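The chain below stands alone and is given as structure tokens, in the form predicted on its own.
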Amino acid sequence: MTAADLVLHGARLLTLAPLREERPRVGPAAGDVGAVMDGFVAARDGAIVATGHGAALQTVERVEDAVDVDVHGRVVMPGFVDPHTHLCYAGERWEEFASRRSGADYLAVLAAGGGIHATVRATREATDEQLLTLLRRRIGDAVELGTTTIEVKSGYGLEPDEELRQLRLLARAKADAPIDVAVTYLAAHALPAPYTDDRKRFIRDATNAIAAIVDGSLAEAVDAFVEKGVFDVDDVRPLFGAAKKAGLAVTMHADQLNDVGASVFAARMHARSADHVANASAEGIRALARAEIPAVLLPGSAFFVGYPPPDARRFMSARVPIALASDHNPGTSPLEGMPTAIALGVTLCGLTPHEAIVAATINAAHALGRGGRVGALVAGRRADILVLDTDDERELAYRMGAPLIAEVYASGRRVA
């Protein structure tokens, strides 16, 4: 008998279990959700101990005070993994949104001191407690919408001291969050005014901050916005080299608006992921495929900014692992929650509903270096589990914005 303190049964169970070996899903596997009818999942002390169907439930013994729920045919699946967000900010950018919808170019807004720079000013002016309150609220909002693992970047400090401030606040938010928070040092998001005429000095100072980040265990990855008019491959090469030498993962905003060779560079750097990639070249896609690096698609950004969204079929046909993320940020993707990212991944990027679910769970977990820990309902993994208020998971894509998240469990404990 297997002892459990949480049992959900009578489910349409989506296990997302590895088909053969633990690797990001590509090819036909990228649309296989591992559906089990009349399924159950059992957990104890925050970890999954068993899954199965039908009569196999008799092998599970409930400990005293166990939570035992018959979900009556509803979908039970892994919690969502959101591998790219910018939750640490203050202020909103209503005017910029309106001007862009009237035809203003995003990079032109940035060059004129708006965009990221506007959020930097508001974030610097906020107190630590104000930022913490905002961070905790946004993490809580993500939980309500089914996210059980989330990446959060710094990046609205720009100068090293302000970036370190944000990372320390993120550490505090992570410590009391009900879910797993992966923190990323977005070292090169935009060039701040004091460095306008000395890009190399900015990169040098941003790189020097890595030592303090490692000493304080403040981040697990380093990121940069590699884009025309922002930072190019040669600019960020020493930053990423230092990050890897220090034992940190690297990821990057790659080829979002223009092909600048960032996807090829991501492959050469053995990056954890390449994100955005809407304008990745054929060479870049082939390079990501060879290196098995997940391409994190951010359809919310394409939707809000108005540029052509990434074509998922280009990546799928080349056998590049696809992940989805919300890219929640105040300027270019004020998108709330992974269900909307799933729906947009289908309607804008060309994923099937099941491919989008794979991209939002197990492949997103791989994009955060957590492929063996979360993203699937498998014995030994963290008991991050969703109950949907539907008997067909495709409704996540079909009914965009519908309130389908019925119950959320993180490490076996109900959090929403």
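One rule holds for the numbers: they count along the sequence shown, beginning at 1. Keep in mind the model is a prediction, meaning the values are calculated, not measured.
Quick note: we don't show the form predicted together with N-(iminomethyl)-L-glutamic acid (NIG), though the next part is all about it.
- A heavy atom within 4.5 Å of N-(iminomethyl)-L-glutamic acid (NIG) in the model of the complex is found for exactly one of Phe202, Phe265, Phe304, Phe225: Phe225.
- Think of it this way: in the model of the complex, N-(iminomethyl)-L-glutamic acid (NIG) has a heavy atom of just one of Asp327, Glu151, Asp255, Glu163 within 4.5 Å, and the residue is Asp327.
- Considering N-(iminomethyl)-L-glutamic acid (NIG) in the model of the complex, the lone stretch of 330 to 338, 131 to 139, 237 to 245, 192 to 200 in range is 330 to 338 [heavy atom distance within 4.5 Å].
- Contact between Arg93 and N-(iminomethyl)-L-glutamic acid (NIG) in the model of the complex is found at the 4.5 Å heavy atom cutoff.
- The closest non-hydrogen atom of His86 lies within 4.5 Å of N-(iminomethyl)-L-glutamic acid (NIG) in the model of the complex.
- Under a 4.5 angstroms non-hydrogen atom cutoff, N-(iminomethyl)-L-glutamic acid (NIG) in the model of the complex lacks Arg272 among its neighbouring residues.
- The closest heavy atom approach of Tyr156 to N-(iminomethyl)-L-glutamic acid (NIG) in the model of the complex falls within 4.5 Å.
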